[in-house]
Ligand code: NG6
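Next up: just one chain, as structure tokens, the form predicted on its own.
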């Protein structure tokens, strides 16, 4: 088959002409799948050269498509980066875009413009399966009724998700706004401030805990795992942690089969390798790195199952697959699972400094591959790209207006491997603190605060300037040696950030 040779304007026009057409026209439009992992590091996939871990199914996307060496999430934590992916907007512009609890209200404005809404406007069936962590409801969620607003109001025709992270309550699946398996005579209650006196918790009932907590995870005990937050009821609705990967793979396969004759957009939020790390028994011992390594092997299996189903349905040639992670990696993140002790020679960030929560590059520099069998020539790209650029780039692909009022940049040629003309600059965020990338340079302003477990947060006493072309690991602050470049970077960051705040005053 001839490789991708259609110009972007021609392709966009073709996509637009197909919108709203018959089934024959639908076949011309590529399906789009975004796979978003949870806390997967740049060095956690073997496609980037790691010899300590094997991810063959993920690698097949990297080696068969565009493998990006310079791709970023907007944020070093989950909720903000997911917000940016869905809205095409910097999360630091929304003061509520922080790590959310499981009972938080919907973060995205139901009337706002989103990636799934844009795809729906182009005639696509839209689905969200897996981790959500963008809030739902209006702030006082009744888990025993249909929860509105939620994924549907954001633009998804179908959804089956977990509300937040695997370590937070409620530990239930929510399908199209309804808790799966809920029962009227066992109502569900969730509280993040007060414990339920008749329910066990990790501090009062340590004998029920099978996975020890290292910090912060000492409230409700569900499936022997202490969580963040308290939960009561819904005994038959609670998930089994070890079965979660299989459960969501099944939902993905059903979605693909139900929509094989229509153009579809699928957001697949993998929960691995976020804590608590509970691989299915099939994957226990799959690596030498304990539960964290084993759930990465499980993650790779999930990708393989998706690819196999697309192949079986004869959809692989007509499906664009984006694989990436919501932020950088972390080892000890609240449970004693020996991720640090059993790491061996594995470099979770691939040599980058920092990790999840950090302003250093390891916090937001993530794995990123774009695969389209028969249409993308396998290549590597050093273009500076960001996940939030997918919105306007996919808009160009499917013939929808490219919005100039978003922070998302239209870079379809870059994502399809036809150009290296990526972003000029990018504002990055970690727990409310901002840093800046421009060209090969990284600027970290001074912030007060401590460091955090094994992750260096980047709380510097003075400005940090790093030349990533010569010092990828950010080992040396060269601000004093490059005063002109420092002032240029400070001015550029000030313009990028302050212009927004001046506009909203």
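Bear in mind the structure is a predicted one, so any value in this text is a computation, not a measurement. Residue numbers count along the first chain shown, from 1.
Another form, the form predicted in complex with the ligand, is not on view; read the next lines as being about it.
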item	value
Interface stretch in the predicted complex with the ligand - options 107 to 115, 302 to 310, 131 to 139, 405 to 413, non-hydrogen atom within 4.5 Å	131 to 139
Candidate from 225, 275, 321, 190 lying within 4.5 Å of the ligand in the predicted complex - any heavy atom	275
284, 99, 203, 208 - the one with a heavy atom within 4.5 Å of the ligand in the predicted complex	99
4.5 Å heavy atom contact, residue 358 to the ligand in the predicted complex	no
is_contact(residue 77, the ligand) in the predicted complex, heavy atom dist at most 4.5 Å	yes
Exercise: residue 148 in contact with the ligand in the predicted complex, heavy atom 4.5 Å	no
Distance check, residue 181 to the ligand in the predicted complex, heavy atom within 4.5 Å	no
Within 4.5 Å of the ligand in the predicted complex, all of 168, 217 and 327 (non-hydrogen atom)	yes
Residues of stretch 36 to 71 in contact with the ligand in the predicted complex (4.5 Å, non-hydrogen atom)	38, 39
